[in-house]
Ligand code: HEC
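Below you will find one chain, with nothing else, as structure tokens; this is the form predicted on its own, and questions on how it binds or moves follow later.
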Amino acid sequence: MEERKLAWWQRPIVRIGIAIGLLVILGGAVGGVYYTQTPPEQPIAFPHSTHVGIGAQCLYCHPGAATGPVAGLPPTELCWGCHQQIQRQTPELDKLASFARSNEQIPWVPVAEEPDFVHFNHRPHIAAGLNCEDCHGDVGNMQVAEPQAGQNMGWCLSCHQEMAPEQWTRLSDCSLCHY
């Protein structure tokens, strides 16, 4: 009886290897989406809804958004400047007081971060009249700031095309946002 030779792609070991490779890639993609869409745990549970509800403006805590690429995270001194006057005791205010007493910065974990190959600047977006909520969602109703689903290059390009069709050629130039 003559033994038939299988082509390399028909061999069971090759097929198993391909299946394992595809599972690893799929698992990495699912994990990446999950971790980029899940709000990170913060050192202090900061209720955005409370602060926005009393009239605090985004730029008060995140002044860098008006002038440059990074909005910035509030330093301990800024938070403590208001909260040292509040007599109410809560576990979160106790944490803030502890950071202030020890002269330590609160190790906030950024929620909205761009990949290293993306050059983003808040300044032109604010100058164009966009509000923080246009990109970051209704933060005023969030207990904790959350990454916005679908915030990717296609999302940015469709906004550029919709907001400024007369400038589409310039706003769709790859070098505008990528190094």
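Heads up: residue numbers just count along the shown sequence, starting at 1. Everything numeric here is computed off the predicted structure, so don't read it as measured data.
The discussion below concerns the form predicted together with this ligand, not included here.
Undergrad: With heavy atoms only and a cut-off of 4.5 Å, decide whether Thr50 touches this ligand in the predicted bound form.
TA: Flag for Thr50 set to yes.
Undergrad: In the predicted bound form, does Ala45 come within 4.5 Å of this ligand, counting heavy atoms only?
TA: Residue-level check for Ala45: yes, a contact with this ligand.
Undergrad: Could you confirm whether Thr90 comes within 4.5 Å of this ligand in the predicted bound form, counting heavy atoms only?
TA: Yes - in the predicted bound form, heavy atoms of Thr90 and this ligand come within 4.5 Å of each other.
Undergrad: Quick check on Ala149: any heavy atom within 4.5 Å of this ligand in the predicted bound form?
TA: No - in the predicted bound form, heavy atoms of Ala149 and this ligand never come within 4.5 Å of each other.
Undergrad: Going by this ligand in the predicted bound form, which residues of 72 to 88 come within 4.5 Å of it through any heavy atom?
TA: Sequence-ordered list: Gly72, Leu73, Pro74, Leu78, Cys79, Cys82, His83, Ile86, Arg88.
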